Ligand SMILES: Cc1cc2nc3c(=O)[nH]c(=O)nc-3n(C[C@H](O)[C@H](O)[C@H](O)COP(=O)(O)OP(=O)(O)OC[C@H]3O[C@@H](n4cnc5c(N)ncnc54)[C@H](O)[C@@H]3O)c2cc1C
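The form predicted on its own is given below as one chain in structure tokens.
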């Protein structure tokens, strides 16, 4: 659909709450507040999404441009011909970087945001991550503990549905899981190899259903996760939180509304927001008792910077600082020779893998002397949609075709699921003084580099990944990048694909920080409920509050913080 869409039963002149953004946090906040009886307005900068219309199961050879996209389109959109509809137009929404910065900010502007194409990894952070500074002396502890967060982890997981198995490991806390998915042949081999090395393993914990849950069907293993789930088997705002929120009659959703700034009254309270209609460029003002920013981490910070000279809620002077993204890089891909020549299988249909939880720097017994913090490894393998390696395989004719086919089901890879990046004040975002977006709004300028500890982490991960791959009997294969084959997380077109799997470091599309939480207003922007210290009716939900990245995918923690913040708002 093209053009602004608004649907609701509210049509209020003044709202109780405005929620900016419709991703994981915005969707949860809108649902929880609407169900509590508040009149809620959700503003989404991108277009409307109708899964039955926008998501399709299409082979690349059936597409007009064979997956490459129409000429010029892929220069403007991050993604593939299958999913650029749910991505972001980078020409309309530019950003800039400092000369020393090598960082790609992957974004999505549409109803549901990145929940429509995320990797679905749903892991709880452990207490050693919330209190990492107390353990190793670096950085700052969070203003919450695992005990504070556990009830909200339970609440979110129980509602969205997370498949997994209970391990009983303190560094990888369990939740109320649905049954895990079965392992494929390659994952079974990697599991045995990891066990022989002394590593605990489990199936990746995914917000992907294995049985009926809250009227949503289980996954049918089509492998289409990164292109939008048309049946709602994986968690997204569109499938999971938006329907019950709309059912209350208390939520109004407006798409194609680009929020420009938060407006303040004369009593140091937010009065509402001003947004620009995406196509008409008409400026609109709306008011509410509470303003909730849930437009993704860096977009939230951008809005705070745009809303006051020096930044709204910035008495600490720390707004924009301590930007982080889990460290991407490293990994190994190839084949498992014992699987060569086997029968065709739907190995990538669940788009999953196994997880090796962090086993370093979690206590005194595992403390390293050469680096602090840790990482999580993933592994998978088997047949994918296409043999991406074929063009790099030497030979020709029938013998070459037979070799391509024999290796097709034997593909395998080990990748970096999450390596903790250290928080550093010199990594920050600010408003670019010259560049503006399509609507005349100043864009962000990103200053972002890695430190020696980040590099040592990835070097250690690379050593362990190669050790695991060799123990599994793997053979590194020319022509297969460390990112692995298409169809798997990290493969071409997946949410992890831009993470960078060579020797150089990059991000993992897990950007957090820039408005960290603190008990003392002098040490941060937000309190433990993600409310700004300075403005009592502005909440910021996303990764902004993070004091450290931890080694887990951040989405579940973002949502749990949102649930906790909403509970605080409702009590107020």
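The model shown is predicted, which means the values in this text are computed figures rather than measured ones. Numbering follows the first chain given and starts at 1.
Beyond the structure shown, there is the form predicted together with this ligand, which is absent from this document and is the topic of what follows.
Task: Contact residue in the model of the complex, chosen from 43, 34, 517, 49 - any heavy atom within 4.5 Å of this ligand - done: Selected residue: 43.
- [ ] Have a look at 106, 361, 248, 453 for me and say which one sits with a heavy atom within 4.5 Å of this ligand in the model of the complex.
- [x] After the contact test, the surviving option is 106.
TODO: Considering only heavy atoms, tell me if residue 420 and this ligand come within 4.5 Å of each other in the model of the complex.
DONE: No, residue 420 sits far enough from this ligand in the model of the complex that none of its heavy atoms falls within 4.5 Å.
Task: Non-hydrogen atom contact residue 301 with this ligand in the model of the complex at 4.5 angstroms - done: No, residue 301 stays farther than 4.5 Å from this ligand in the model of the complex.
Open item on the list: Although the partner isn't part of this model, could you tell me whether residue 118 comes within 4.5 Å of this ligand in the model of the complex, counting any heavy atom of the residue?
Closed with: Looking in the model of the complex, residue contacts with this ligand include residue 118, since a heavy atom lies within 4.5 Å.
Open item on the list: I'd like to know whether residue 296 contacts this ligand in the model of the complex, with contact meaning heavy atoms within 4.5 angstroms.
Closed with: Yes - in the model of the complex, heavy atoms of residue 296 and this ligand come within 4.5 Å of each other.
Open item on the list: Within 4.5 angstroms, counting heavy atoms, which one of the listed stretches 120-128, 353-361, 459-467, 380-388 is next to this ligand in the model of the complex?
Closed with: Going by heavy atoms within 4.5 Å, the stretch is 120-128.
TODO: Output the sequence-ordered list of residues from 249-263 with at least one heavy atom within 4.5 Å of this ligand in the model of the complex.
DONE: Residues within 4.5 Å: 257, 258, 259.
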